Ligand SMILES: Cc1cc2nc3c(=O)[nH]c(=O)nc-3n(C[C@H](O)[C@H](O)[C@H](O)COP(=O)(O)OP(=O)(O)OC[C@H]3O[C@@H](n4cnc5c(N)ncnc54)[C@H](O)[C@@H]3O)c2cc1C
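One chain comes next, on its own, written out as structure tokens in the form predicted alone.
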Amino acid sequence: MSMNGGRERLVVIGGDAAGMSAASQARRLRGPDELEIVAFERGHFTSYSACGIPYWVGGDVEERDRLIARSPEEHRAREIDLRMRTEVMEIDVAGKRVRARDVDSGAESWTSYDRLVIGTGARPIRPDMPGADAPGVHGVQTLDDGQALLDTLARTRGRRAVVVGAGYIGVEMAEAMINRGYRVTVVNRGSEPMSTLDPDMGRLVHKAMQGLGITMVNDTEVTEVRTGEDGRVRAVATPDAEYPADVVVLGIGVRPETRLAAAAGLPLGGRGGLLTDLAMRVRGHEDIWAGGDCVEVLNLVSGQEQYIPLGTHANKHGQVIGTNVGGGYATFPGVVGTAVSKVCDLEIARTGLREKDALRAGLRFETVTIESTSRAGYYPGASPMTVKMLAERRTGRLLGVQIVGREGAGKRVDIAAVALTAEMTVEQMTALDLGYAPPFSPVWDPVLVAARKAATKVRAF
């Protein structure tokens, strides 16, 4: 029985990809006379591409609004009661209600729900050290964060930037700051940038970053952000060095924003993300769903829960949740861990398991690495490409692929992503009927060259 005079009320916490995809899909299936939808967003923006922020900061995308897929006004036009600059402070699971606070006025009120969607996203990891919150230190998770960084850059006279961390965001932000005319140092605790790759493949990214003029400092951690007399950042310190900085960008990853959920007693996984069933319903709670960067997902290759905050997953989660809330049926079976990125014209791609993931999952495997080209070697514009492949011993099941190369390298990983999802062996992959013409690939596509080599290697067991 609804608490709302016959109409059910759906409350959505978080106005970005997962939350508003869920709200929009539920609205498509159920009209306002059946389902009232109230959504809370603590920031200034809705339904935007956080993945595009480095390209906006770097100048490739000129206008912030180009990153916004749907504005608050567009959502409201579809009869979604979207309340901006309003932060949910508490979820009362037993009472089926949420307490929200107007960010500007401080006024608080309770809103009851029949169904609840949690799309609270992620928050940048801020190192626990002196100066981490000093003016001039920026995370880049939301459009508000991106705007704050651009505002700082407009006020900053100096041209020295330090990026802390060398994952996707760190690498992309390093290039963005180079494009803005900054001298950039990246401090990375790993042995090579891009820890989502094995170190031997990360080394190729390292070389490309150096080629851009970026100073890479690996195998060390930032211990302090030092400030000047004005309180602003002036340098970043490691155990054995100091790097001058007029601005610091945090690129050390994100954590699921699940403090609300934890306080409400909802189930969290080992990485702090909410745990859901295949329908994206929070485990053990019939009327609560969760999706996007605040949940953990099943890795179909390892069979283990994993935290992979990506916009592609968030939008799919939202579609699934909205369909289920709207009276239909949909599931999200899991992921294989596909991601692509770039540094200048170097494309970086990976899917499936790295060596350490496979070891952690208890798998025995072989690896092969091949050098090939993006097109037929004689065709103009052919560029080198490195493909690394992991295959399970004895069975030959594909476990993972990493690709680093120039134009045409990155999206080749999709071949491997489909093969992983279909649980193909490397032997089966060698027979794939892929498109061929000299402008697009060699006669044997680089992914299939790696599969042939892997098939030969695993046959030995």
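These figures come from a predicted structure and were not determined experimentally. Quick note: we count residues from 1 along the sequence shown, nothing fancier.
What comes next is about the form predicted in complex with this ligand, which does not appear here.
Annotated contact segment (heavy atom within 4.5 Å of this ligand in the predicted complex): 140 to 148, selected among 107 to 115, 320 to 328, 271 to 279, 140 to 148. This ligand in the predicted complex comes within 4.5 Å of no heavy atom belonging to Asn188. Interface membership of Ile288, defined by any non-hydrogen atom within 4.5 Å of this ligand in the predicted complex, is ruled out.
Residue contact with this ligand in the predicted complex: Gly121 places a heavy atom within 4.5 Å of it.
Under a 4.5 angstroms non-hydrogen atom cutoff, this ligand in the predicted complex has Thr312 among its neighbouring residues. Contact with this ligand in the predicted complex, judged by any heavy atom within 4.5 Å, is made by just one of Arg27, Arg397, Arg70, Arg42: Arg42. With the partner omitted from this view, the residue of Leu260, Ala237, Leu204, Val336 that lies near this ligand in the predicted complex is Leu260 [heavy atom within 4.5 Å].
Relative to this ligand in the predicted complex, residues Tyr48, Cys51 and Thr86 are all within 4.5 Å by at least one heavy atom.
In the predicted complex, the residues of 149 to 175 lying within 4.5 Å of this ligand by at least one heavy atom are, in order, Tyr168, Ile169, Glu172.
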